[in-house]
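Have a look below at one chain only, the form predicted alone, in structure tokens format.
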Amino acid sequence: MRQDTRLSRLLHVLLHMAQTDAPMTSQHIAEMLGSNAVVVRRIMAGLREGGYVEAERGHGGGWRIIRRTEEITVLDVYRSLGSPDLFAFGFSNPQPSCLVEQSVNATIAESTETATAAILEKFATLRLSQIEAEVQERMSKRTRGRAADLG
């Protein structure tokens, strides 16, 4: 089963965008993600509609983040993707006459609804600035590690 990696990839792109004032072309983003520019434009459109990025047309144009990372949550980015399903579980028959299947469906539905609510609640508390701080911490550790290797 193929996993939906759009959320992690979009967070990745936004954090790179936050590190520069220069716009990033759809083609550049596509190369970074191993995708294509058409897919990038489609995914970025949701962020544009949410007011998180803007697109500049023409030579020297591209995508630019327009909100501070403190103002963007993982939930915002998730919603910009159209709130895709977090779980791939489904029902072979959503309206079964079999009482066993009805019970199985109810149990799975309740469990996935509870888990989804918990994940979305967590997403609402996670800001891009927190991930950005973790990136800086990892970079600092890597730099210290290289310095120790040289010493």
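What you see is a predicted model; the values in this text were computed from it and never measured. Sequential numbering from 1, following the sequence displayed.
One more form of this protein, predicted in complex with the DNA, exists but is not displayed; see below.
Undergrad: Pick from Asn36, Ser103, Thr125, Ser83: which has a non-hydrogen atom within 4.5 Å of the DNA in the predicted complex?
TA: Checking each option against the DNA in the predicted complex, the one that comes within 4.5 Å is Asn36.
Undergrad: For the chain shown here without its partner, which stretch in 108-116, 53-61, 95-103, 66-74 has non-hydrogen atoms within 4.5 angstroms of the DNA in the predicted complex?
TA: That would be stretch 53-61.
Undergrad: At 4.5 Å between heavy atoms, is Thr25 in contact with the DNA in the predicted complex?
TA: The answer is yes: Thr25 has a heavy atom within 4.5 Å of the DNA.
Undergrad: Although the partner isn't part of this model, could you tell me whether Arg9 comes within 4.5 Å of the DNA in the predicted complex, counting any heavy atom of the residue?
TA: Residue-level check for Arg9: yes, a contact with the DNA.
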